[in-house]
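Form predicted alone, single chain, as structure tokens, below.
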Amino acid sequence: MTREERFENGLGVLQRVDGEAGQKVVDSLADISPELAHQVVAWAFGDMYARPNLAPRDRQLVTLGILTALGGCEPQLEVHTHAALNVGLKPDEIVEAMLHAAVYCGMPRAVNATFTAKKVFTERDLMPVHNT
């Protein structure tokens, strides 16, 4: 594929998965690093997210777990919480994934991730979450 074809393919995947939130990230990079914006679309979404061996919902679970574990990634976690909802994860599944991550990455990171998810759920009128 050409550079432009990879970008166009990635743009379609980005729109299906991240929707408006992902497009805002790409747009916000345009005046500082258009190449990084291109790579987010072409490589991350056109090459990686488009791979067939994991369903979009499973990719988002992995992404949420990694961003939770990394910590300090709350803006990206917010975008990917929206994406997780867009690809069919339910709020209680997202909360459960973040709770599970606490075992491996610690309470502060899991709490911060959960508060980020709460912000997204509130925006989308999905509160309260019923999780046991």
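Note that residue numbering begins at 1 and tracks the sequence as displayed. Everything quoted here is computed from the prediction, not taken from an experiment.
The following text describes the form predicted in complex with another copy of the chain, which does not appear among the structures shown.
- Judged against another copy of the chain in the predicted complex with a 4.5 angstroms heavy atom cut-off, the residues 67, 99 and 114 are in contact without exception.
- For the chain shown alone, residue 78 is not a contact residue for another copy of the chain in the predicted complex, no non-hydrogen atom being within 4.5 angstroms.
- Using a 4.5 angstroms limit between non-hydrogen atoms, residue 34 touches another copy of the chain in the predicted complex.
- When contacts are judged by a 4.5 Å heavy atom cut-off, residue 82 does not count as touching another copy of the chain in the predicted complex.
- Another copy of the chain in the predicted complex comes within 4.5 Å of a heavy atom belonging to residue 39.
- Contacts of stretch 1 to 28 with another copy of the chain in the predicted complex, defined by any heavy atom lying within 4.5 Å, are made by 1, 3, 6, 25, 28, listed in sequence order.
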